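Let us start with two forms of the same protein chain, each given on its own as structure tokens and named structure 1 and structure 2.
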Structure 1
């Protein structure tokens, strides 16, 4: 059973963690595409920006978390969401809205988002440096270890506090977004604008408010993803740049413009990555006792070396697009 516990720790839990991060990033990308009709390449940098906002707030109020039994960074995260939302709306009004007013083609907006990416990365490195940071200032990360019943395994299932918080936040975010899009007036306005922007405008829908709330939702999700990922590993200036491509892959795999597809795509990409780099030699090790010497399985048996992990999202992307060109959920509008 030790091999099974190893599989749970390295594939089930790790895949769910990275899938949750991809899903929250992909939801923001697909919402922006649905409303504004362009691929926002600066999206991942808002994830880093939000995490650094949380870090600054955590250093200012290091005792806020232990007082209520939660990590301080998690307590400060809602404040960072508000700040990051204001920055996102400001970036839209400064860089993207003037271009939209001139009816430029989507490729121009995409190029502008790449410019915003470079600008944000430069600003983050200018003020925060290039080193790694720990979001635990005056507290420490809790690690929970669960033993299997009846002493079936000497290994323990291991899960950290940030991982549990991440799963909780993803569930709350997906349910809240579903209720917002289907039950509220503003959510229905977003769906109408996603379906036909011109018709929504002549119908009296406040399109400026819809655009603003889109940026707010995207910024809140990226801040949560960046903060919880940094809590679990470490905060680095290139934290989210490395997962930009998997996030876009998850968006396309799920179906561009479909938020539920973005969630599915995130978990498909996340679990496929972990399965591809998992050492299957550990799981199949007990079989060696029953195999002849010439047929012994190697101790290290993975589909892809860890250093080539970045190729997995592209493989999934190509495979899904050949099988289903519109993505898993036939994405187009909300």
Structure 2
């Protein structure tokens, strides 16, 4: 049964973790696309920015966490969310809004967002350097080990505290986003604007408020994703383009402009990545003991070597563009 535990640790838990991160990024990208009609390339850097903000706050108030028994960074996350939302709205006002007012082509906005990416990267590296950091400053990471109830396995299922928090945050975020979009006035205005911006404007919807709330939602989600990812692994300033491709691929898999699709797409991309990198040879090991010499199954059998992980979201993207450009949930075609 050790093999099964190994599979759960390496595929189910890791896939769910990375899938949640991609899902939170993809919701933001898809919302920005449906309201502002451009692909936001600076999204991954908002993630780094959010994590970095949390890091700064954590170093400022290192004792806030232990007081209530949670990691300090997690306690500081809501504050970082507020700061990042302000930054996102500010970036929109200074860099994207003037271009929108000039009625430029959407691709020019994409290019401007690349400019913003580079600026954020420059600033983060200027202040934080290029090394990786640990978000746990005073406290240490808790790791829960679950033994299976039966005696067949000696290994344990391991899950860390940030991973549990991540699952919790994702569930809360998706449910509250759903309630926001379907129950509140502003959420309905958002959906109206995503369907037809001109009609929404003449119906008296405050489009500026809708744009602002879109940025706030996107910034909150990226901050949460960035912080929890860095809590689980480490805070690295060079996340940028490596995480951007999976996020876009998740957005397109789910159907652009489709928030629930983005969640599904995030998990599809996350699980595909872990399944492709997983060494299937491990699962054959117990079989090999019963097989004759000539029919031995290979002990090392991964679809993609770990160093080529970046190719997986790309091939998912290409496959979906060829077979179903609208995505799984029939979103818009760009």
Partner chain sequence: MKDHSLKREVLLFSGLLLLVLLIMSVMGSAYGIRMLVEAACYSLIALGLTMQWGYAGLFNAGILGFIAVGGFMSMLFSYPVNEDFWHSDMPAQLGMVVLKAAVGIAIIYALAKSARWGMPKRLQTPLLVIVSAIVYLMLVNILDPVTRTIESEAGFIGGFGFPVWTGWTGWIVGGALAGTIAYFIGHICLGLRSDYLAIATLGIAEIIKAFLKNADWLTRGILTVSPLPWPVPEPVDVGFVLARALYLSVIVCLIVVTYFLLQRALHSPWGRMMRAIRDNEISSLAMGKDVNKRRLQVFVLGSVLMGIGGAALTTFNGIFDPSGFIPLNHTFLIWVMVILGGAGNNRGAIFGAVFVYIIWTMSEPVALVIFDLVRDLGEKWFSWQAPADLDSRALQARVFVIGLIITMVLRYAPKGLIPEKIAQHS
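Please read all numbers here as calculations on a predicted model, not as lab measurements. Residue numbers count along the first chain shown, from 1. By rigid core we mean the largest C-alpha set that fits within 1.5 Å across both forms.
Visitor: Quick one: identify the form predicted on its own, either 1 or 2.
Guide: Number 1 is right.
Visitor: Hey, does residue 17 budge by 2 Å or more at the Cα between the two structures once the core is superposed?
Guide: No, its C-alpha moves less than 2 Å.
Visitor: Once you overlay the rigid core, does the Cα of residue 312 travel 2 Å or further between the two structures?
Guide: No, shifts by less than 2 Å.
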